[in-house]
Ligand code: HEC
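Let's start with one chain on its own, the form predicted on its own, as structure tokens.
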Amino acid sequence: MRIPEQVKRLAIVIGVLVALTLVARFVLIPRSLTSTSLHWSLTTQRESAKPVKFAGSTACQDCHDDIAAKKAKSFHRVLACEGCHAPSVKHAEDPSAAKPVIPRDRTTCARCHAYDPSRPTGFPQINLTTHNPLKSCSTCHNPHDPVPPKVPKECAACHAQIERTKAVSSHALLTCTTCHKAPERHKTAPRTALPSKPDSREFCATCHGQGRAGTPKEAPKVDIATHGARNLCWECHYPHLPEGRP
């Protein structure tokens, strides 16, 4: 059986490509670009040659055990010392030769606590323009145990994003305690003492139930027996911006 000329030419082309690939892989490309073990070795040597800058929190605790004990029980217990005080290996080697940075401006704390809607609900956030303007954060807060000197009176101190949403909704005039009952401990340990939430359709019906006595006249009314079937109201309506779905 005679092999067609086209197949022969295709085989020659494939052979040439394979040969060029092998030459490029083992001859033209340097080993430093293809050898994983060599890459690891060179990278390790390069990084090891760099000067050490961080002493590590353990070195800080050896001398500052009183501060370390206080911080270990605070909201900042997971933060590394040098995250705020900058790399301090020289200070650890000779405390009198170099002093760690002590942040006294407002920008250091603002990296975590300036208002940002992407942060978790309940995370302490402030408006830098209005919150004790021009004062250093450490004037009122001990960084190693940053409990506020005064417990916030308004929910918006921690729930600024929700407050901004509610302010432009039809629920703007309702206080948070209309729908939520928060234990006093929620102000100091918010994640361990959560506020209550309405868990029945009857709660919203006190204002929006059709034919109910004493409901506000301006509040939209629905037949609570048929509207939304058995779903809870908040499964279709966001309480802080309760515009209805089409």
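Bear in mind that the values here come from a model prediction, so they are computed numbers and not experimental data. One rule holds for the numbers: they count along the sequence shown, beginning at 1.
Keep in mind that the form predicted together with this ligand is not shown, yet the notes after this line are about it.
In the predicted bound form, this ligand sits beyond 4.5 Å of every heavy atom of E5. Although the partner is absent here, D116 is not a contact residue: none of its heavy atoms lies within 4.5 angstroms of this ligand in the predicted bound form. This ligand in the predicted bound form comes within 4.5 Å of a heavy atom belonging to H64. Although the partner is absent here, K135 lies within 4.5 Å of this ligand in the predicted bound form, judged by heavy atoms. Interface residues of 163 to 192, taken as those with a heavy atom within 4.5 Å of this ligand in the predicted bound form (partner not displayed): E163, K166, S170, H171, L174, T175, C176, T177, T178, C179, H180, A182, H186, K187, T188, P190, R191, in sequence order.
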